[in-house]
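The chain that follows stands alone, in the form predicted alone, written as structure tokens.
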């Protein structure tokens, strides 16, 4: 029986003097993949940033538990060691550090770096500076390659389809499905996922189990991802605004 891998309880997060998340709640069971929809500025990236422990996201209330234990006091590298991985929407270029050296540090050895890079068509990029001169698709493949070698229990993907052409989306989706153990029955899967998306295009390629809508720093509703996406495509996020207003009036 699957148990909760990640539990977010009434989480409040601010950046500087601005509160971004207002009492967000989310539970991810082991072996499941969740997707969060929301317009720009709704708090999607802040949520995964807070889970990862990025310093600009200050937790001012609530708790984040991973494998049953609070991780609020842990630095980024300790959260990564526990099995939390994040593919950034816009990762920076790093001058003077090659992709190979980063992957070796992530892996702790050179084992499997070459075949993993070949699976993402990045063999010829291993000895180039990280993301320097890379296209949008190459940057996304580099992010997924790092996660693949890290092999986290929780894969967090921030807008994986952003700035990526169709060919790269298909390749990335194939690797992500493999990482999420989609070939196994759900009860046998050890990996979970949290996908952030604005367009929803990625879930046409990666089957997700639960969908959520975040608006104004609150997770408003949860349900079937495809049904939620259909409503958003038909009505936009205006329906979500109406829902939020009704809740606030109660």
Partner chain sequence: MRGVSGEEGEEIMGLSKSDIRKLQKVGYDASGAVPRAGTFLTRDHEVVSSEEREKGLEILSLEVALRKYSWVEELVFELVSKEKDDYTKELAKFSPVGYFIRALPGARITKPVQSCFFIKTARFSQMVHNIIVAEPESELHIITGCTTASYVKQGSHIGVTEFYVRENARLSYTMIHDWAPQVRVFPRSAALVEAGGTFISNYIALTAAELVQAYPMATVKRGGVARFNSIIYAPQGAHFDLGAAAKLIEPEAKAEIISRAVSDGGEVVARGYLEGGAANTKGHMECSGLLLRGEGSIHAVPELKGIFPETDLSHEAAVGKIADEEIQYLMTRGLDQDTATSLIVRGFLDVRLKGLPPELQLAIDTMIKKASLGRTM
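Positions refer to the first chain, counted from 1. Predicted model, so just to flag it, every value in this text is computed and none were measured.
What follows is about the form predicted together with the partner chain, which we do not show.
Only one of 52, 26, 210, 203 comes within 4.5 Å of the partner chain in the model of the complex through a heavy atom, and that residue is 52.
Here is the short version: of 105, 170, 114, 72, the single residue with a heavy atom within 4.5 Å of the partner chain in the model of the complex is 105. Contact check at 4.5 Å (heavy atoms) against the partner chain in the model of the complex: none of 120, 135 and 166 pass.
Remark: of stretches 214-222, 182-190, 31-39, 53-61, the one touching the partner chain in the model of the complex is 53-61 (heavy atom within 4.5 Å). Among residues of the shown chain, residue 155 is not one whose heavy atoms approach the partner chain to within 4.5 Å in the model of the complex. Residue contact check for residue 101: one or more of its heavy atoms lie within 4.5 Å of the partner chain in the model of the complex. Residue contact with the partner chain in the model of the complex: residue 131 places a heavy atom within 4.5 Å of it. Although the partner is absent here, residue 86 lies within 4.5 Å of the partner chain in the model of the complex, judged by heavy atoms. With contact defined as any non-hydrogen atom lying within 4.5 angstroms of the partner chain in the model of the complex, the contacting residues in 134-149 are 143, 146, 147, given in sequence order.
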